[in-house]
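Shown here is one chain on its own, the form predicted on its own, set out as structure tokens.
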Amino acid sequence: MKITYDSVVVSTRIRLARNFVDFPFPNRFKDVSKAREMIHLIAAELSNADKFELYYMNAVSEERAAVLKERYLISQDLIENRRISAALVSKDESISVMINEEDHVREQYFLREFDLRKAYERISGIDDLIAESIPFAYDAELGYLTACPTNLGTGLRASVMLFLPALARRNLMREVIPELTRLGLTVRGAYGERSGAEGELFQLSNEVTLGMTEEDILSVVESAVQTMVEFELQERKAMCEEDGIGLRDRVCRAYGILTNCIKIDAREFMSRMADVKLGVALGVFHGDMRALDDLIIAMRPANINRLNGAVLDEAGRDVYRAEYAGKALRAMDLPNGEEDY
């Protein structure tokens, strides 16, 4: 059975929450000019590090904001705080700095691989640059001061996006989650808090930031991810041994539907794409998991409108999604895999 580590881990994200001395928390910000001053200072400092696109959220259309959210670059809270909020996004979209969301700054670094330490090292450089423009609010006992007590201390959130079809389909996530909670970890859907696990994507991250060092957090999350990967691969093998023909039939049917349907809604698309991704992971298909993940993001509602160049209603998006995804999948020539189970 051809299954690899990369067939489970989708991406790594390191996020740092920071606030500044002598500025009220965003939810108490009354002076918009002070918020603009903060944005200008941060943007000027980061211009020396990379090429960033600056988005003032009060000047960004609802459609563009939705595109950025679907690409994991901003949050719903940032959109809702548009009176004083902004985002700086690097050209390659690996770095996103949200300004005046829940905290003054939420710095994020994304990697399309499993490497928490590399991601932490890179976002730490951004963190140091920002600190040069405005000093961070820090307490010797509590650490970095944040709007929400759950972020006190390091302010570090280490997240890894995992593709867990075997654990999800075999109803094993409900056994895993309590154990992860005991370790100070949490499991959410692809878009974090309050989001569902669509496409069998789960976001594993630390819940505790106070009383732990950055190294502690990285080590705990790293160990948990390694355990989850091993568990998922074990259960995929069990699925193949129990009903290999049935599983192969399911993933091939999903490919057939996606490459031949006339319309498909977002829910069914995510379900069929999870089957196709599993087919690639098991060697039934030959393909690039990253390309499939990119296609999933491209087929979300706001990104479809962006590709189309005009806003479509739901029915129009369903037709566009079927045509675009079908063409993209046929171009990947996936059915040349050689299953090995």
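Quick caveat: nothing in here was measured; it's all calculated off a predicted structure. Don't overthink the numbering: it's just position in the shown sequence, from 1.
Keep in mind that the form predicted in complex with another copy of the chain is not shown, yet the notes after this line are about it.
Heavy atoms within 4.5 Å of another copy of the chain in the predicted complex map, among the stretches 218-226, 257-265, 103-111, 159-167, onto 257-265 alone. The contact residue chosen from K91, R182, R174, R253 relative to another copy of the chain in the predicted complex is R253, the criterion being a non-hydrogen atom within 4.5 angstroms. This chain is displayed alone, yet in the predicted complex one of D139, E242, D249, E132 has a heavy atom within 4.5 Å of another copy of the chain; that residue is D249. Not one of R117, I123 and D128 places a heavy atom within 4.5 Å of another copy of the chain in the predicted complex. Although the partner is absent here, M332 lies well away from another copy of the chain in the predicted complex, with no heavy atom inside 4.5 Å. Applying a 4.5 Å heavy atom cutoff to another copy of the chain in the predicted complex picks out V319, E323, K327, R330 from 312-335, in order along the sequence.
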